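Shown below, as C-alpha cells, is a lone chain in the form predicted on its own; questions about how it binds or moves come after it.
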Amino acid sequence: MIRAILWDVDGTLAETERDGHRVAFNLAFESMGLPWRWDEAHYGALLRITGGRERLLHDMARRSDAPVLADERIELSRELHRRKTARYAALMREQPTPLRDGVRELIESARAEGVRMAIATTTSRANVVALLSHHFGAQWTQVFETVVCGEDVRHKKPDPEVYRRCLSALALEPNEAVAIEDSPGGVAAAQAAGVPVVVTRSEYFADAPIDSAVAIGPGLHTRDGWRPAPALGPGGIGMEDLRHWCMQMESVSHLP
C-alpha cells in the first residue's frame, strides 16, 4: 500500500533549472565581477553533477581563470552559492516558476485519500522554501510533512541517503512509498533505497537514460506517452495509476 509520495523538487515539482537556478548562478557571477556565464547547454551538462556547490567546483576545475588553490576554490564556491541562493529566492518572489502541469492535482487528490507528502531533494532548504511558500503559502509544511534537503545529508543523489532519511522520518518501509523523479541520479538514489520510482520527464532530462523505474512518462498532466500505460481512467495521473504501476513492479528502462 502506498502511504506516501516522496517528491523530488527541481525538474519534478517545477521546471526550475533553466530559468531559475541557472539565471541565479549567472547573477551571482555578475555580482562578484566574474566573467563566467552558464548558457542553457552548458548548464544542462553541469546538471549531471548533483548539488550547486559541487557544480561550481566542477566548473572551476576546468577554467583557466579560476583560483588555482583548492581552498580558494572552495571558499569562492561557498560565497557564490550563498549569493546564488539569495538571488534564486528573489526570482521566485518576482517571477515564480509555475508547478508542472498535473502536480498540484495529484498532491490534492492524494492528500484527500490520506496519502502523506514528503520532499526528498538535495537542493538547499532555502530553495525549497522559496518555491513551495509561493505555491502553497506560509502553511506549506502542512502539505509536505517531511522535508529532507541537501543540508541534511552527507552524500547527495545518486546516493540513497536522502531517501533513507525521508523514510525514517515518516516511519515507513520503502515499499510503502513511491518516489517521483526526473533525473537518472534521482532514480538511482530512490532505487538504492528500495523505493519504487515514477519518472516524469523534464526539460533537461527529456532523453536521458533511465534504468529501473516502475513507469516513465512525459508529465502528470497526461495519460499519453507513458510506459507502461496507466490504469484506465480520465484526466491526468492519479493515485490509482501509481498503485497500478507499483503493484505490477515491472521495472522499465530507457537506454540509448
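Everything quoted here is computed from the prediction, not taken from an experiment. Throughout, we count residues from 1 along the sequence that is shown.
Another form, the form predicted in complex with a small molecule, is not on view; read the next lines as being about it.
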Listed range touching the small molecule, judged in the model of the complex by heavy atoms within 4.5 Å, from 26-34, 226-234, 211-219, 52-60: 52-60
Listed residue (Thr146, Ser124, Thr97, Ser77) with a non-hydrogen atom within 4.5 angstroms of the small molecule in the model of the complex: Ser124
Contact flag, Glu15 vs the small molecule in the model of the complex, heavy atom cut 4.5 Å: no
Residue contact check: Tyr204 to the small molecule in the model of the complex, 4.5 Å heavy atom: no
Asp10 within 4.5 Å of the small molecule in the model of the complex, heavy atoms: yes
Interface membership of Arg164, the small molecule in the model of the complex, 4.5 Å heavy atom rule: no
